[in-house]
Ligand code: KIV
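The form predicted on its own is given below as one chain in structure tokens.
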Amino acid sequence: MTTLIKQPFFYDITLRDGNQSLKKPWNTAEKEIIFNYLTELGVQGIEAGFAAASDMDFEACEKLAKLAPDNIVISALARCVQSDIIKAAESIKAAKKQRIHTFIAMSPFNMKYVLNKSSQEVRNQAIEAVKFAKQTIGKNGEVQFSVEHFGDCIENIDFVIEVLKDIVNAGATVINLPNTVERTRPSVFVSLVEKVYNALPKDIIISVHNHNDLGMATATTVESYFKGAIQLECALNGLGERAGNTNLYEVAVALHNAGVDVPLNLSKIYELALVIADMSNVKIYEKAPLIGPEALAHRSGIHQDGAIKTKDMEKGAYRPIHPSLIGRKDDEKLGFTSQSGKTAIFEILSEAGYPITLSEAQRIAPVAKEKAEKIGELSVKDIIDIYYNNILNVKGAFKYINFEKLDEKTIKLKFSYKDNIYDMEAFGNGPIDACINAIKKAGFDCEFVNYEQKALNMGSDATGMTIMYFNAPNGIAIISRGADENTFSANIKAIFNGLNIIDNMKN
């Protein structure tokens, strides 16, 4: 088992691998913006581009090398071709820490069908290229060598290791092992990485560069680190050819959660993700881990309950990290569907500024579920409408008709119950007490306990709320509400809403 004590080295490939996959690659000015974000993030190495690919790429490498802080490795890519290597070295000569990154495929398939070369020819070309690169970059620079399609080297891994030993002797100090096309289980690739790590001198940096064709690049990269791969080649937002490269954010947070000292400013992640999405014109998938709009969303009632109970804790019941770790200001989001429950109703309405209890939320949850079954996820407005129709305007057999104040303590109340109309006169300590007495006088059991009033800003139609407390005949405590611009109208609405709640419980 590999014992690892070194801090991970994050080598960002967004400006090279990520850029070359875009429908509209970035120009130098755009690369400079991203470069500055990368330095703020704290990556230790940046591959600035493929200098020999175009004048624009050369120009970008040259510009970024001049801007680079002294502590960041600046690299340019080159094939195992002398002209490429010369271009790469020339483009980054202004950087304090320079690296030429050269590569060639060594998988049997690619040597035969893509390069049309024998294994010996590839071996010789790789060794000579590394020697030339080391000679060109000089003693103050580094050479990185990549075994392109290393993930396909299962059958000739012994050959690859022997070549890599010669390449190290030729001057390479970083050996990169790319899963250029992800075809198999992470454990298979990781076992190859471990073989190389165990075979080479321990002062050689082992690196991995994983593509995401099967969606396992993050897992492969993280597990490779624990088998000796110190350098982790990643891209912002997972940009890269086909299904992309290893996503830097996912690797960094996974290692952080594993207790690894991650040398990045993790709080910059979310802001940077949004910038890259905008600049690349590649939208963030709504379910994307960590950064997706839905990455903190819960719709299952069970998940919502656990999320709410732990929302103020560092560790949440249904989230991998606290959102603030990566700079997310938004918190866990609850959406109401047919799979949701009272907790979502309670939280959504409370967040929107509408007072509600869990028992009230439980009462209207079936109404919300029924609507959600027909139209899908409910909007906040949908839930507020349900609140108005079922909490502030309870449907039932009791209907208020009219009220008349006869003197300071006597009132006349007119209301109906089912098909019967009641026109009652009653006395009380105040209007509310008199109304309750009128209802009792009409023959309806109504055990009023208390009431309170609150100022409320819920739109132009209601700026005050009355909260009434009753005891139902079965001993259950009932809360009813009424909202209106007029305080007395709010009181009346709360009383009749309470009567209908109690009456509905009997039916």
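Numbering starts at 1 and runs along the sequence shown. If you're wondering where the values come from, they're calculated on a predicted model, not measured in any experiment.
A second form of this protein, the form predicted together with ligand KIV, is not displayed here; the remarks below concern that form.
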Wondering, does residue 99 line up within 4.5 Å of ligand KIV in the predicted bound form on heavy atoms? no
At 4.5 Å between heavy atoms, is residue 343 in contact with ligand KIV in the predicted bound form? no
Can you tell me if residue 280 lies within 4.5 angstroms of ligand KIV in the predicted bound form, counting non-hydrogen atoms only? no
May I ask you to state whether residue 398 is within 4.5 Å of ligand KIV in the predicted bound form, using heavy atom distances? no
Which pick from 270, 103, 132, 354 sits with a heavy atom within 4.5 Å of ligand KIV in the predicted bound form? 103
Interface residue in the predicted bound form among 316, 186, 178, 301, criterion: non-hydrogen atom within 4.5 angstroms of ligand KIV: 178
Among 220-228, 422-430, 374-382, 203-211, which stretch has residues with heavy atoms no more than 4.5 Å from ligand KIV in the predicted bound form? 203-211
Within 69-85, which residues have a heavy atom closer than or equal to 4.5 Å from ligand KIV in the predicted bound form? 77
